[in-house]
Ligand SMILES: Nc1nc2c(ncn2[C@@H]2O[C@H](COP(=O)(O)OP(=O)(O)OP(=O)(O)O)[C@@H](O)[C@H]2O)c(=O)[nH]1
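The chain below stands alone and is given as structure tokens, in the form predicted on its own.
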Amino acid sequence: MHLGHSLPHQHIPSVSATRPDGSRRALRVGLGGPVGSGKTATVAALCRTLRDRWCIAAVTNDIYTREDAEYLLREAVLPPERITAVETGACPHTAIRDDISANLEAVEHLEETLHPLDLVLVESGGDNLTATFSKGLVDVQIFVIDVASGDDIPRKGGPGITTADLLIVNKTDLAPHVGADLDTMAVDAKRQRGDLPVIFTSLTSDDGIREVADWVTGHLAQWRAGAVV
């Protein structure tokens, strides 16, 4: 378990799809979204669902703590050596978009020590609707929002909502309790995203992550076949 990464400098990102030995590297999936939207719970659910089929590792980001990594460790969603944390020490989007060196180092270390890996999940710290990942860090991006934050969130847009490869609207089970209209959220999300996919989830249900897991699995199959995802 490697929980002590800080933010070094002068690490030049590599976007190569292959490792130095010529083998295909792991697919890297970034998960971003506001504080409390359910990013860590989504990572945990994906790990539980996919770990028997794929070799997975996870990188979490927090500003000053290792709380998200420690949650994954407590839940035992993966063996401890497959979970690592980055303490960004700055706004979360800095470490996933601007200076990705610490995250890239963490991902590459996992690939080097655990090879072969199929999938690396990179969870951003909680951020705002402008958060996006550098293409030098991840291959596809998931953005997570939640119903409890208001059904106007999709309408507000922002790069996270409009450009992510997948938008998750989480905590649908809370809609009746917070007065959120899921149909309105679906219409607004469609207006903002066009043909880009949107999945509504409730991780309190037994199979609430299944549709997201199927989406990730589809990208994994393409990646392993040598396609650009």
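Start at 1 with the first residue shown and count on from there. Owing to the predicted nature of the structure, the values given are computational and were not obtained by experimental measurement.
Below, we turn to the form predicted together with the ligand, even though it does not appear here.
Peer 1: In the predicted bound form, which of 38 to 46, 159 to 167, 187 to 195, 51 to 59 comes within 4.5 Å of the ligand (heavy atoms)?
Peer 2: Single hit among the candidates: 38 to 46.
Peer 1: With the partner left out of view, is L174 within 4.5 angstroms of the ligand in the predicted bound form by any non-hydrogen atom?
Peer 2: Residue-level check for L174: yes, a contact with the ligand.
Peer 1: Does L182 reach the ligand in the predicted bound form, with heavy atoms at most 4.5 Å apart?
Peer 2: No, no contact at 4.5 Å.
Peer 1: Hey, in the predicted bound form, does I199 get a heavy atom within 4.5 angstroms of the ligand?
Peer 2: No, I199 sits far enough from the ligand in the predicted bound form that none of its heavy atoms falls within 4.5 Å.
Peer 1: Decide whether P92 counts as a contact residue for the ligand in the predicted bound form under a heavy atom distance cut-off of 4.5 Å.
Peer 2: No, P92 stays farther than 4.5 Å from the ligand in the predicted bound form.
Peer 1: Of 202 to 222, which residues get within 4.5 Å of the ligand in the predicted bound form if you count heavy atoms?
Peer 2: If the 4.5 Å heavy-atom criterion is applied to the ligand in the predicted bound form, 202 to 222 yields S202, L203, T204.
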